[in-house]
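Considered here are two forms of the same protein chain, supplied as structure tokens in two stand-alone entries, structure 1 and structure 2.
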Structure 1
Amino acid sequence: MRAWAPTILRGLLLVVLIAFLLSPGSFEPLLKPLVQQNAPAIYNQGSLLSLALLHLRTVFIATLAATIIAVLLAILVTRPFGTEFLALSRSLVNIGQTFPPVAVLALAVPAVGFGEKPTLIALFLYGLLPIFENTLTALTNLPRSVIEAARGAGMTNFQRLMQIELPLSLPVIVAGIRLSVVISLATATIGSTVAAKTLGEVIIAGLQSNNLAFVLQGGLIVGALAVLIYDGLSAIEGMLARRTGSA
């Protein structure tokens, strides 16, 4: 029973989240004590479901772009001809961690305007480091016996990369993506300060109107999404680790 408890809790969390997004009015009695008299307890300036989906879309696009660039950079610097670019690559992927997301947004808005684009830039830069470092670690710590066996079998460098190195590195790469996604889910909320459609709208509306219920529901939806996606990617990581024998 204890082994199944986390799974049951995650399933319950998923059911509650879906129910809230589809029918938030059903939860109004729970949130009513948190608001002042006559103030709305449920966010009423837009659809929570639409905002959640747009929030996830923004995070997905930014993470996909960060994954492609970070993995390609890690592959480059682990090849004999690209080792000299390691320091430069590390400097590039650290940009997002050096500048706060708010500063990135402020710099991006004059260049690309308000909306989703500056948010995507901030999330992309912020998500590069964990994916790059995990991919780099995975590619540089592969069993030498496996690589030598692949060479002995007559595989080309490209064949070794695609058929041996990347498949064996996938669990660690997914771990980096998992961390990047969780960071981006939380960071994306500030995108609403530059007119991006995210769940940050709910939190900002709550802060502006002193409505604790708005703040709570925006934060809890983001938190629930982060927990569920983190657990989902952890399960994928574990499955890949077992498949590659690195569990």
Structure 2
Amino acid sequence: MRAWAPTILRGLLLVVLIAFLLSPGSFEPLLKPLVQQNAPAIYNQGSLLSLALLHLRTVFIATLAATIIAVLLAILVTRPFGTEFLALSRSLVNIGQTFPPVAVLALAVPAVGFGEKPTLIALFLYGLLPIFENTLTALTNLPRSVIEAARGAGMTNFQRLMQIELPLSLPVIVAGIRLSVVISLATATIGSTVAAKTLGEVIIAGLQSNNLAFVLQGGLIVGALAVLIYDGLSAIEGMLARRTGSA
């Protein structure tokens, strides 16, 4: 019973989440006790579903861009050509993580204006770090024997990268993407302070009108999305790890 209990819980969470997004009105009685007499209990300044989709789209675009750039950079600094950058890139990752997301977001505004763009930039920059770090760790900790064997089999550098190094590193890279996505999902809500259309809008509307139901529904939707995506990527990671035989 223990083995399938979490799966059932997650399935339930998914069903509740979809039901809530499709028909938020039917959950009104649950949230009604949290608000004052005449205040609305369900967000009424836009569709929750479309906000959730926009939220996911923003995170997806930023993570995709971050993944491509971070993996390319990590490959670059682990090739003989780029070894000179290896130590510095590690330092930069360390320094970069000390930049708070709000600061990145706020500082991007003068450069690109309000709206989705500063959010995308902040999520992209913030998402880069975990993915880069993990890719770097994976690529620098591959078993020597495997690399030697590949070299012995006459593989070119490029073949070795594509057929040996990257596939073996994939589970760890996916773990980096997972971390990055969870951070981005939460950070994207802050994007609404600079007028990005995300679920943060619901939370901020709740804070401004002192409406706890708004804050709660916005926060819970983001939390549920994060849990489900985290689990989904963990599953993919496990599958990849089993395939490469490292688990």
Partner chain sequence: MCQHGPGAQASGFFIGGESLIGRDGLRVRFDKLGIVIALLAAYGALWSSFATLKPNRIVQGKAGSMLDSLPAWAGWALIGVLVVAIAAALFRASPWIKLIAAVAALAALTLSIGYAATFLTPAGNTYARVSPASGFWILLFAFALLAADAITRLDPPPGMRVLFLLLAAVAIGALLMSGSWNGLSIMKEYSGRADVFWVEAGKHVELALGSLFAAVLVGLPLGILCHRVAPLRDGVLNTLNLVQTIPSIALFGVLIAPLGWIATNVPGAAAIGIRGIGVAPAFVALFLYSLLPVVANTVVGLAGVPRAANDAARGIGMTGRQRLFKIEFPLALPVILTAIRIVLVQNIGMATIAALIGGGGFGVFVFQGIGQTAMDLVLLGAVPTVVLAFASAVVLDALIEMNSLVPNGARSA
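Throughout, residue numbering runs from 1 along the sequence of structure 1. No experiment lies behind these values; they were computed from the predicted model shown. Just so we're on the same page, rigid core means the largest C-alpha set that superposes within 1.5 Å between forms.
Asker: Which number, 1 or 2, marks the form predicted alone?
Answerer: Structure 1, not 2.
Asker: Phe99: how far does its C-alpha move between structure 1 and structure 2, core aligned, in angstrom?
Answerer: C-alpha shift for Phe99: 2.4 Å.
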